[in-house]
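Single chain ahead, written as structure tokens, the form predicted alone.
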């Protein structure tokens, strides 16, 4: 298939694997890239030395293009970016922060930059910052999410009217028919998370993979909007969060409940 996303990343299929913390190590990224999509190493759950190890292993496991997802809300981002430059990674997806912070620097190094957005305002800001494409992440997405709760199939045509750069649709996409729907609405590619998170190559724990597979209608909910919106599977931790929010917990109390370093390996 030939379209702007395939040409931008030099891949066979316009399918991007989400750069998910805990799930997106070198094994998953290289497997997706070897299959013709674009694999992403999820740097958000990795300390710099661990991240560098994954980059080196991924380079050995595939001769196809792969990239890195860099959530900008985590500390040590500067170190992650320098490792990306050091090892000649050519594709970077940024998320959860201001795209202007690193885009110019990365593009000056010959790196293709994509930013994840959930609304028109940040899509326009990302385009103004000079990114090469955006990921339009709708309400259905797992993990961190937009506070507006705009669904994927509403978001794609909305952003198509606002920006000129290619759109990669994300959120609730896990089948050929949903890929076709996204492309029909104006996306040039899709990013898939949960389906890849439950794959054999995913570095997630087997119990987590099984939870994804067994999850059904109403098994998840968007929570923690006052801290950082995130979709949680309904479990004991979700119940703690829901109880705290129902009692009017402050932002500081919710941060304390989350704890420090929860995302790091």
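Keep in mind that this is a model prediction, so the values were computed, not measured. Numbering follows the first chain given and starts at 1.
Although it is not shown, the form predicted together with a small molecule is what the next lines describe.
From the list 81-89, 101-109, 179-187, 164-172, the contact stretch for the small molecule in the predicted complex under a 4.5 Å heavy atom rule is 164-172. At least one heavy atom of residue 208 is located within 4.5 Å of the small molecule in the predicted complex. Using a 4.5 angstroms limit between non-hydrogen atoms, residue 127 is distant from the small molecule in the predicted complex. In the predicted complex, the small molecule stays beyond 4.5 Å of every heavy atom belonging to residue 30. Taking the partner from the other structure, the small molecule in the predicted complex has a heavy atom within 4.5 Å of a heavy atom of residue 95.
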